[in-house]
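Presented as structure tokens, the chain that follows is alone, the form predicted on its own.
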């Protein structure tokens, strides 16, 4: 068992539901990857998805901004609502949805462009800036939110691919927040990073929850305990248990959760 995470009352206070999923099923061809998942994800909160490899946590995360639409054999059933609106409604434009529900991937993936253009790309295509001065403001604000402004402000025209791994990941986080999303999805954002860069990204995640609903998939239980207020445990495509992080790690209800946390399954 891990030490109980340290929380203030504000952390566990009830916050508004941002995303509501009901009866979600995901199929890859004939494979039933996600089975009847119901979950409510709060605003201004970090929610961690944990579970063994192949348990469905990343697949479910990708449902939340319709990234699974890009996989031909993937079928999603059930309801996923963002602020009460069905994101799978045929009138919803997935590109606009992904501006609202940003995503940061496992491996840092800056565009082969300058640091400035990495950030400016999204605001440009979504028409968020009227002119270069507007764009300059968005770029600086986003890089500050990504906790990397001070490191790159004197070399904004240098390629984003020239940064260290940890800096690249913070650049990708800054790029994701540049379109003013409401939700930030992170799929194992620290798995390619060293411990120092991981600590920087974790600190950043804690700051980001003031403005966003953050959902993070992580294979590290210590990380889930450190950064999240809510934790969902997935196993074999099922959502086994979902509760306050402190309860999941110190007093889980389901024996499968306890077995995973104590290292007996995984």
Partner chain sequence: MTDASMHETPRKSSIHTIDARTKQRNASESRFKAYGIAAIALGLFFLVVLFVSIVRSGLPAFTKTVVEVEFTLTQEQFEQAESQLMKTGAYQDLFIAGIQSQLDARNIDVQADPAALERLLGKIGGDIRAFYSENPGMVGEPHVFGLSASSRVDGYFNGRVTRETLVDSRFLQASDLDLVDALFEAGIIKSAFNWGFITGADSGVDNPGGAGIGVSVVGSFFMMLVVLVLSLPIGVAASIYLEEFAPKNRWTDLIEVNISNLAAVPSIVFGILGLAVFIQFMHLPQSAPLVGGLVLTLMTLPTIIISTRASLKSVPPSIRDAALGVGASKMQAVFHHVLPLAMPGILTGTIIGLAQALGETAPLLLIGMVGFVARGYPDGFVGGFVEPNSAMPAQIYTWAARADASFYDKAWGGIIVLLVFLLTMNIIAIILRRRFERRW
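Residue numbers count along the first chain shown, from 1. Predicted model, so just to flag it, every value in this text is computed and none were measured.
This next part talks about the form predicted together with its partner chain, which is not shown.
The stretch among 79 to 87, 144 to 152, 93 to 101, 131 to 139 whose residues place heavy atoms within 4.5 Å of its partner chain in the model of the complex is 93 to 101. The putative spot formed by 20, 28 and 57 is not touched by its partner chain in the model of the complex; no residue has a non-hydrogen atom within 4.5 angstroms of it. Its partner chain is not drawn, but in the model of the complex it has no heavy atom within 4.5 Å of residue 209. Though the partner is left out of this view, residue 44 does not reach within 4.5 Å of its partner chain in the model of the complex, counting heavy atoms only. Taking non-hydrogen atoms only, residue 240 never approaches its partner chain to within 4.5 angstroms in the model of the complex. In the model of the complex, at least one heavy atom of residue 175 sits within 4.5 Å of a heavy atom of its partner chain. The contact residue chosen from 221, 204, 39, 67 relative to its partner chain in the model of the complex is 67, the criterion being a non-hydrogen atom within 4.5 angstroms. Within 4.5 angstroms of its partner chain in the model of the complex, the stretch 158 to 188 places a non-hydrogen atom from each of 161, 175, 179, taken in sequence order.
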